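Next up: just one chain, as structure tokens, the form predicted on its own.
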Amino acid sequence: MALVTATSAAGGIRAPRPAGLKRLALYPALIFTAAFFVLPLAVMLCISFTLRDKGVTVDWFTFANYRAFVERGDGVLLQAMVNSLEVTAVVTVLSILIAYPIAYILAYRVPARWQRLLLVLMVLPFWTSYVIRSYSWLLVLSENGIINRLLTGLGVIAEPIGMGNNRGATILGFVHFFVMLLTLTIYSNLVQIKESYRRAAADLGASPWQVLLHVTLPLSLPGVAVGAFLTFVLCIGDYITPQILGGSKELLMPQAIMRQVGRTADFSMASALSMILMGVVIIAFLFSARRLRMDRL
């Protein structure tokens, strides 16, 4: 058996230990992952190939649920996926455009002694319940909310405008949450860029904009990629924000899955839709890893 030696803090050498003990320490994590991640997904995959009618399983292996997703007459399920992809794409792009300048200013323009304080202040909103934040935005955007009252008070509008219960409200709620997440991931990458690279570019005659475009931005793309992928995954699978802020005017994929469970108890179709949604997430991960080299982080 291979042996490894461990060095003590005092500089001495302790007795050799079997390398197998290190591998043994991995078993609890592997068992936990298999029991609570791999096994449930395998069960869900199997259920997605069954067919239920009025709560009774009538076929044990069929692609009917996946065909129904594409071929269903009203196209509501396929449109739900399209809606989710559109909302997620807009949220991801807007969050990156807002978060990158904030992270850049925090990393290069704010004195180091103030950076930790500002990071703590940025994390504070995460301590508030996700549901409460969504309902807070609903109150702000309602016809009796602060925005409508301000605009009517200033005479900008004559009647209150319904700004809630639509796609715009959903996107606003998502962006409010994910800008903070993206700022943290981009900031953590920016502070790891060696200052000597930026100084070398400036010494060679590059302007601040050229340093940003040709040095800082390319080197910070891994952080942007990680944040964008996390935003994509959390946004496309979120049920609460679209349900509260979007209302029932537009169906997104998580809402479509919940309808299959809550209204018709069709767990087979819900499982199929969940597997399709996971497939989209996997494709997004592979695309991000290949394009932005996330695998080299």
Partner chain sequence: MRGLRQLPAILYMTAAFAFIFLPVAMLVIYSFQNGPLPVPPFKGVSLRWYDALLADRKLMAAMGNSVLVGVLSSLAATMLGFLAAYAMARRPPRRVALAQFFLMAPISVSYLIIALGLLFTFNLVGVGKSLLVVGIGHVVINLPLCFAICYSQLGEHQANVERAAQDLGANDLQALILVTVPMLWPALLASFFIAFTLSWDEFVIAFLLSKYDTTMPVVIWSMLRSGLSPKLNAAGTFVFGISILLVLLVELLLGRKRTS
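Here the rigid core means the biggest group of C-alpha atoms that line up within 1.5 Å when the two forms are laid on top of each other. All figures in this text were calculated on a predicted structure; none of them were measured in a lab. Numbering follows the first chain given and starts at 1.
What comes next is about the form predicted in complex with its partner chain, which is not displayed.
Though the partner is left out of this view, residue 79 does not reach within 4.5 Å of its partner chain in the predicted bound form, counting heavy atoms only. Taking the partner from the other structure, its partner chain in the predicted bound form has a heavy atom within 4.5 Å of a heavy atom of residue 179. Contact check for residue 25: a heavy atom falls within 4.5 Å of its partner chain in the predicted bound form. Contact between residue 172 and its partner chain in the predicted bound form is found at the 4.5 Å heavy atom cutoff. This chain appears without its partner; in the predicted bound form, the one residue of 188, 152, 166, 136 with a heavy atom within 4.5 Å of its partner chain is 136.
Contacts with its partner chain in the predicted bound form, taken as any heavy atom within 4.5 Å, map within 234-272 to 237, 239, 240, 243, 244, 254, 257, 258, 261, 267, 270, 271.
Once the cores line up, the CA of residue 104 ends up less than 2 angstroms apart between the shown form and the other one.
Core-superposed comparison between the shown form and the other one: the C-alpha position of residue 207 differs by less than 2 Å.
The rigid-core alignment places the CA of residue 129 2 Å or more apart between the shown form and the other one.
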